[in-house]
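Just one chain is shown here, as structure tokens, and it is the form predicted on its own.
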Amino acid sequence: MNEEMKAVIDAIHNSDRVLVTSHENPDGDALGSTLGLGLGLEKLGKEVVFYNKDGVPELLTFLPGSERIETSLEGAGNFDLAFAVDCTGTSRAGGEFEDFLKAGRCRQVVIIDHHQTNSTSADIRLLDSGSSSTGEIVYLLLKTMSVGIDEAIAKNLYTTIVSDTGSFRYSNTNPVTFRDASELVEHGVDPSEISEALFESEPLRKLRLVALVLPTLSVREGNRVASVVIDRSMFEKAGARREDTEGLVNIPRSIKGVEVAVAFREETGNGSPYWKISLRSKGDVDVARIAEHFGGGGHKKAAGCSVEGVLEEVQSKVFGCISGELK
């Protein structure tokens, strides 16, 4: 057992009331890790509150315990321990959580994460960039603490793996990933049920959004770079939600010969236009380095950032940076 794992276990043993959260706009790894960890802590007799600023996307409401996710910390009281899972820093959980911490409402804060870029904004950090998902780290933690893995915990943790490996298709899939997935299936997970929930249960509005996004598909750098754009007008026309953009970067990523895929999603904040950038890599390009250039981060093969400005300016900056990495 390494020092970081021991520090987390000690913190858990010395706590009674625990808050578990994850990054805003949560995906399968974020919510599956939140719920899997929290349900495991309850088996240890802890009082657990589950929180996410943006709540549960419709696609992930099948996760056991998802109905317990709170979207506000108002009246939540104080906590002995807070976990921010699948977060490169506590700020990724949103402003309300940051204010909560600054007010001294949590005695200790732990980050559990598998991204290669991570801030020091926590008392304890349990990190492993070699893990396929944050859920894999949570699973190891629970096993190390001899927590009995029931079907509900197993479903949540299996979902983290399937989500972040793209059903075991991405380069972050490794022997440990398959061993963990196999063990979780032995604990009652039905792989076909999870796959159907994640990949074959899209709301109609998302398909309408895809129809509007496809005409924006463009390629450059000798077809080595491809991108799509999702602007606010598309959301209105399709009746779509922000959560419906999850995975749209895989449209340009799926093109043969493409090494870097980009999705530009329009956002507004403080009256200034800005764009959320999702980056994916199939080649040797480290997209985390590109994201870091703009204040973001992530993995070598999957990363993200935000850039202020009108679309043409933002694209010029991002494509310029990608071009430099390709060379």
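This one's a predicted model, so the numbers in the text were calculated from it and none came from an experiment. Residues carry their position along the shown sequence, with the first being 1.
Only in words, not in the display: the form predicted together with another copy of the chain, which the text now covers.
In the predicted bound form, no residue of the candidate spot (79, 107 and 152) has a heavy atom lying within 4.5 Å of another copy of the chain.
The listed set 233, 195, 72, 129 contains one residue whose heavy atoms approach another copy of the chain in the predicted bound form to within 4.5 Å, identified as 195. Proximity to another copy of the chain in the predicted bound form, defined as a heavy atom within 4.5 Å, holds among 101, 140, 210, 229 only for 210. Note on the interface: of 235 to 243, 174 to 182, 81 to 89, 143 to 151, the segment with non-hydrogen atoms within 4.5 angstroms of another copy of the chain in the predicted bound form is 174 to 182. Heavy atoms of residue 95 never reach within 4.5 Å of another copy of the chain in the predicted bound form, leaving it off the interface. Under a 4.5 angstroms non-hydrogen atom cutoff, another copy of the chain in the predicted bound form lacks residue 289 among its neighbouring residues. The closest heavy atom approach of residue 282 to another copy of the chain in the predicted bound form falls within 4.5 Å. Contact check for residue 251: a heavy atom falls within 4.5 Å of another copy of the chain in the predicted bound form. The partner is not shown here, but in the predicted bound form the stretch 218 to 236 reaches within 4.5 angstroms of another copy of the chain through a heavy atom at 219, 223.
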